[in-house]
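Below you'll find only one chain, the form predicted on its own, shown as structure tokens.
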Amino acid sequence: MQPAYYENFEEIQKKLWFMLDDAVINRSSPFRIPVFICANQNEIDGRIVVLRKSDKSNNVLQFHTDLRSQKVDILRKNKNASLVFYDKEEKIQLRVKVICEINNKNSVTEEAWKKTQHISRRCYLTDDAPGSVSGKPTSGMISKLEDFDYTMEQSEKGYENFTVIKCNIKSIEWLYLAAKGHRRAIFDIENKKQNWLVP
């Protein structure tokens, strides 16, 4: 028996947004760690990020990064990017095209920073930028940070580097792998259109 979303646009959207919303709170969800791809001319870069917010009403996804990271430099030159999600058990892939907004030291980051736990804040306390060349294997952190030997108050210094990438969705492409026959659809958010595609 095929699921309700096999050939129904409305059910597909219900399912995909359920999976995205769940990924924000469920650490074991495969959708929690999508691949984020950004590019500027010949500079193409991809990495895993952690989904931190899913907002269907505004068609927005968010993740956190360090202001000094390479992806921020790329996004300053080209705000168009893509997120790829895949759930092996569900056999569902999403390819999400987005326009990114870099948020640093504003109301968006203030709200997210308050929710960022003590354990996670140390990522933004390193002296050197992520991706900096090092002469030895390193976490980039002084031993106090590695041992979590810092107070919540001391962690506030990391707010300077803490950045929220707000991804405004342009389109979502859905692929469901089924033995009977795969199904593929695209939801064009910008133009308010939806179409079936050949898988």
Ligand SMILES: Cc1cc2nc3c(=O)[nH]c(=O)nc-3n(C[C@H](O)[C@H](O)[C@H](O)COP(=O)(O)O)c2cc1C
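Don't overthink the numbering: it's just position in the shown sequence, from 1. Note that the coordinates shown come from a computational prediction; the quantities given were computed from them, not determined experimentally.
The form predicted together with the named molecule is left out here; the points below concern that form.
*Asks:* Considering S54, S69, S155, N161, which brings a non-hydrogen atom within 4.5 Å of the named molecule in the predicted bound form?
*Replies:* Spelling it out, the residue with a heavy atom inside the cut-off is S69.
*Asks:* Looking at I169, M141, V49, A39, which is the one with a non-hydrogen atom within 4.5 Å of the named molecule in the predicted bound form?
*Replies:* Partner contact (heavy atom, 4.5 Å) among the options: V49.
*Asks:* Looking at 23-31, 170-178, 147-155, 60-68, which stretch has residues with any non-hydrogen atom within 4.5 Å of the named molecule in the predicted bound form?
*Replies:* Looking at the partner contacts, the answer comes out as 60-68.
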